[in-house]
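Quick setup: one chain, the form predicted alone, written in structure tokens, and binding and motion questions come after.
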Amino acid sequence: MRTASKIDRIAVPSLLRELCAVFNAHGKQVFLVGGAVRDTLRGAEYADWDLASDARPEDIMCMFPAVIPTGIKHGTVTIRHKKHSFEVTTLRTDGRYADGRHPDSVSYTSSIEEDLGRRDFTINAIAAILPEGHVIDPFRGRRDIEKKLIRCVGRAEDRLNEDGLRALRALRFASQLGFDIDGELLSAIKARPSMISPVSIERVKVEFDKIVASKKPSSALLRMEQCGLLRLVLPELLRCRGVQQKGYHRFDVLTHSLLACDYAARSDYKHTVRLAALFHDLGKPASAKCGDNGVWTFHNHELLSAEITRAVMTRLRYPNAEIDETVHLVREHMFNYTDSWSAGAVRRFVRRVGEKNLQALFDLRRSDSFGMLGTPPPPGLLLDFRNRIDSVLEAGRVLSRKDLAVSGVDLMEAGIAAGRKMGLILDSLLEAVIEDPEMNSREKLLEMAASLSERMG
């Protein structure tokens, strides 16, 4: 198999050839750029087609029937073709980056080499001429792919000064691809981590999510700590460094959390589980107490961790549903099942946690277990509890008011007025049925409701 540095031509999918024919018919050049070229040279699959062309946005909108002006200010439009999207940016050079975020101006060019010269890293500054697929690599990006190295196009300091997010992107790419970081680039990040400060929180969140979604999130997160970025992006996580847990854990809270997140990542657990694994002990620094025996305790840290997790994810502008799910997992992660639990206790647990959240919570517990010693959890961890839950629910799946054999309408027909009193009665009926599913009959529940109503007056 040829190495990336020796590949001079890549295969071009038929859809791209179709688009290229339209550009060429109008006398325009078009190139495949960005991640698609990089990942093809790595021998990996890619999801997006990013194109560059000497055609102006207004030209492209006349050339194709379905074009969306997604970033027309910077020369970018999106072509819709056969249910696929193709982002096309006019070849350009960038002016000064006075705000450390966006170029003050852009100038269109006909040179693909000039366009590639404005990009962040050499591995992203490779193009393929369409339709033939011949590779253009003016900054030796193929060599860096072969060396598994993240290196800037030109001087690292200049590239980072243009856009402060590039510091985080470099660490993210290293984590995502399993690459190292060029020494000059790493030194430039360490020299001025505050360059990320002007970057919008939404852009930071996108990069952080990609780090968490990578195969080994700790790779980037540890580099963030070493470079000073963690203090600016996630100070709550950095506070966990040095918080000891002798007695049950081998590592401090930060290392434990990173290991838990790595386990969730390598196990391909869902994104909220990965976030919960990273955040589940954020409350430990504030709740830590060392006993006379030298053992550290963190009473109710899960409640404080849930509060801090909500604050962190809200600051990072996560959707409310994702925040709620992650916070719920963090709050519930300290359950302690034993064989002595009654069937009612099992049902109450399932009701509190939510049946749909059980798998995610158990995945979080397995991740947490790995983080304690850095060794895989026992294969049968929580299997007894899972089997018990299945058995108990099979005997009686009553977990909410809607599962009761009576409703509010039934109680009103029995003479109980709607309102707070009825709500309390329904809750009492539910508790009775959770404890004993055989109580879930219309006759028994109406009799119990009448007795409760009489006592409540």
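No experiment lies behind these values; they were computed from the predicted model shown. Just count from 1 along the sequence shown to find any residue number.
Another form exists, predicted in complex with a small molecule; not displayed. Remarks below refer to it.
Residue contact with the small molecule in the model of the complex: Asp50 places a heavy atom within 4.5 Å of it. The closest heavy atom approach of Gly34 to the small molecule in the model of the complex falls within 4.5 Å. Using a 4.5 Å cutoff between non-hydrogen atoms, Arg223 does not count as a contact of the small molecule in the model of the complex. Using a 4.5 angstroms threshold between heavy atoms, Asp163 counts as touching the small molecule in the model of the complex. Arg203 is the sole member of Arg239, Arg310, Arg331, Arg203 with a non-hydrogen atom within 4.5 Å of the small molecule in the model of the complex. Between the options Arg142, Arg172, Arg347, Arg366, the residue in contact with the small molecule in the model of the complex by a heavy atom within 4.5 angstroms is Arg172. Only one listed stretch (414-422, 35-43, 389-397, 57-65) carries heavy atoms within 4.5 Å of the small molecule in the model of the complex, and that stretch is 35-43.
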